[in-house]
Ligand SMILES: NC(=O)c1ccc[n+]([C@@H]2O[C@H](COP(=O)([O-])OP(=O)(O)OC[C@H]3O[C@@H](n4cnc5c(N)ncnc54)[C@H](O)[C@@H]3O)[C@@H](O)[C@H]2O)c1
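The chain below stands alone, shown as structure tokens; this is the form predicted alone.
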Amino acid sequence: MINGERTISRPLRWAMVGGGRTGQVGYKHRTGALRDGTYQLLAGAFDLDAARGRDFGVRLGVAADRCYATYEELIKGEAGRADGVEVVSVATPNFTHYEITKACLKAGLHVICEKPLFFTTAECDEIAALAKEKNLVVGVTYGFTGHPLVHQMAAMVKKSLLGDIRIVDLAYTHGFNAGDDTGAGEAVRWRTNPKTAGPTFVLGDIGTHLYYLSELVLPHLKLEKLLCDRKAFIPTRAPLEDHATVLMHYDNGARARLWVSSVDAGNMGSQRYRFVGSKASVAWSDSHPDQLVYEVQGEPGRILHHGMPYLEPESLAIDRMGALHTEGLGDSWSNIYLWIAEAIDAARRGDAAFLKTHHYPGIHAGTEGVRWLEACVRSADAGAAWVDFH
């Protein structure tokens, strides 16, 4: 169980690019990073509006002279300080991820970046090579995969409690974009513009969460081919989609169905996962993160609760609240940031053995998400045709 004891020698000197007062994800990053004493927020370029960003940073406790107008100024200003930052979180729109990440790595800074990571796998491969050359970590904030019961599912699959995996059913839908974009805020406008969002809207914005979590639970299965059907129910969002269905075939013969939508009117937002094997199935939703439905063929169904001693050690090790109290999204983000901090600490110490076995969402996870998006677009643009994944 995680109880707040430090697992690294000292807090990492940390900065943010983006994540300011008007952003949607900045507080999630700070909730995750500042929980366990593994990061200290010392600098930031929080906002395109420099004055507003400085005021916001000061209210967070950052010194005014370390609240920069741009990420370029942040990199330059921190480079000349004995206490300069060593890791930067990128919480900005998609089209900026690549340039900011590259600049930070070149300056010798570790990076924690929002998803989808970049626009192309070529960009991912370039950044992966640069990070390896510099001995730096690139973490990706797949923030839902820190939930203990996600790792319970993975452990049950690994230990063959479900038998051979046959069916994977994944959904992440909400209705917050069910209406047109008249008067929409900036967070909607940049997500539905190909120049700023990239080649997808909901597939990249929420679908990549589904795909990465399925990779975490099913690391032994390899995706062979997929079919993607996508649509913009609000025509002004085309050529990007606000709704998509993806069918997937795995190398063991398993079949998967993935549904993402932001026009699921009335749905307040939920993720739903079901993994079906030859012996049993498990189902989990982030709307009830403390419960896992476990159904064995021929037996009564049962609900497993987080934090209970009958769970697998992999789940209990990352539980924070204990069985009497609900674990939430903030707890999951805290786990993600903790794992990335431990990876950065190991990289600093040259502990290759630790890094070889340590789990965290890194550059490979980000790359595979982009590869999946490229395949989805390739399939959809070919008229919902089956395409090879690799």
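Note that the coordinates shown come from a computational prediction; the quantities given were computed from them, not determined experimentally. One rule holds for the numbers: they count along the sequence shown, beginning at 1.
There is another form of the same protein, the form predicted together with the ligand; it is not shown, and what comes next is about it.
Contact residue in the model of the complex, chosen from 214, 261, 94, 121 - any heavy atom within 4.5 Å of the ligand = None of the others qualify; the residue that does is 94.
Looking at 281, 141, 145, 152, which is the one with a non-hydrogen atom within 4.5 Å of the ligand in the model of the complex?
-> Only one option qualifies, and that one is 141.
Look up in the model of the complex whether residue 190 has a non-hydrogen atom within 4.5 angstroms of the ligand, and give yes or no.
-> Because a heavy atom of residue 190 falls inside 4.5 Å of the ligand in the model of the complex, the answer is yes.
Is there a non-hydrogen atom of residue 205 within 4.5 angstroms of a non-hydrogen atom of the ligand in the model of the complex?
-> Residue 205: yes, in contact with the ligand in the model of the complex.
Consider residue 199 of the chain shown here, and say whether it contacts the ligand in the model of the complex, taking contact as heavy atoms within 4.5 Å.
-> Close contact is absent here: in the model of the complex, residue 199 is far from the ligand, nothing within 4.5 Å, heavy atoms only.
So in the model of the complex, does residue 366 come within 4.5 Å of the ligand, heavy atom to heavy atom?
-> Residue 366: no contact with the ligand in the model of the complex.
Spot the stretch among 320-328, 24-32, 58-66, 353-361 with residues whose non-hydrogen atoms come within 4.5 Å of the ligand in the model of the complex.
-> That would be stretch 24-32.
Counting only heavy atoms, which residues in 324-338 are within 4.5 Å of the ligand in the model of the complex?
-> Contacts from 324-338: just 333.
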